[in-house]
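Single chain ahead, written as structure tokens, the form predicted alone.
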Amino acid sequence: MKKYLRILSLSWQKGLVYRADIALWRFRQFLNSLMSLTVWNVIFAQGNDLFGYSKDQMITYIFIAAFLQGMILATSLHGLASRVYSGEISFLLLKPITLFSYFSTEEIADKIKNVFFVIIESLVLFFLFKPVLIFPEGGQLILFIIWTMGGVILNFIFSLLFGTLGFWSPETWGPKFLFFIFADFSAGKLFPLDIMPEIIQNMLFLTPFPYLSFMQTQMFLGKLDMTQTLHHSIVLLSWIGILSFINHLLWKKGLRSYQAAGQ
């Protein structure tokens, strides 16, 4: 356990080295939430029920989406493919810890950092707007936490899958950029997915991306009945299982031919 705590501590310190970058990044996220709250407050000024959401539900959605952005969608593994291609992970393979355990510990440190800043930003926004927030009942809150952990695992698997690109190509930024843009849209980060046309919703639910944020917000707001909760729980677990299997195969194949180029 000591080695994991040591890695956690070092990852936390490394994540705070470039403080100006962190400040600008968090300021950008703060402005996104500020803009969303301002826009939706203006939209709901003429009514209290739009798109199947009350004003309090929509404002709560924005706060929860911001929390999930830091908890689920933010990751420390953006540069994993370049670490693979450059041969950097050869040093990690020699350490007395499994590769995925090391990456998991790095992720935990990054999540703690992001959630810490999200809480501070949310308190500032709460002070500015003084909204009425909706909170779930005990059972819904437990399921929300479980689904959030499932979303964390799902996004972690996605990060590992993109890392495997480094075994075969140095050109990884383009696919990652497209993925992040699509994930932000289809995870419901910008707005609730259920305000879009049904055909687009059906297409998005053929992918795992709504389980990176949107479905967690729906659980928090109490918009799911028991049948829907069971259905989406099974789908979330299925995506985690399928992508974990694919991830295992790709890393196994990549490491088998890995030559630690550049080291």
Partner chain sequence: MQIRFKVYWRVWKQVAINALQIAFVNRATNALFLTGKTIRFLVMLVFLFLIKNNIRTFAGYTSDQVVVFFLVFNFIDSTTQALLRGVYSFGEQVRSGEFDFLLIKPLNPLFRILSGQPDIDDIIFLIPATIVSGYLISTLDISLSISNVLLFLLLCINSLLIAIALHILIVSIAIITTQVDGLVWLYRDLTGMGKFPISIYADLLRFALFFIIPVGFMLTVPAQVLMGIKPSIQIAGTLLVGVGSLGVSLIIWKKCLERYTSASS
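From a predicted model like this one, the values you see are computed outputs, not experimental measurements. Residue numbers count along the first chain shown, from 1.
Unshown form predicted together with the partner chain; subsequent notes refer to it.
The partner chain is not shown here, but in the predicted bound form it comes within 4.5 Å of a heavy atom of N32. Shown alone here, G87 lies farther than 4.5 Å from the partner chain in the predicted bound form, counting heavy atoms only.
In the predicted bound form, the partner chain lies within 4.5 Å of some heavy atom of I181. Proximity of V42 to the partner chain in the predicted bound form falls within the 4.5 Å heavy atom cutoff. Partner proximity in the predicted bound form, defined as non-hydrogen atoms within 4.5 angstroms of the partner chain, places exactly one of 167-175, 109-117, 90-98, 147-155 at the interface: 167-175. Checking L230, L237, M203, L50 for any heavy atom within 4.5 Å of the partner chain in the predicted bound form turns up a single hit: L50. A single residue from the set L190, L133, V124, L141 has any heavy atom within 4.5 angstroms of the partner chain in the predicted bound form; that residue is L190. Residues of 1-38 that come within 4.5 Å of the partner chain in the predicted bound form, judged by any heavy atom, are D21, L24, F27, R28, L31, N32, L34, M35, T38 in sequence order. Cα-Cα spacing of K189 to L154 is enlarged in the predicted bound form versus the present form (difference of at least 3 Å). An increase of at least 3 Å in the separation of the C-alpha atoms of G188 and F205 is found in the predicted bound form, compared with the displayed form.
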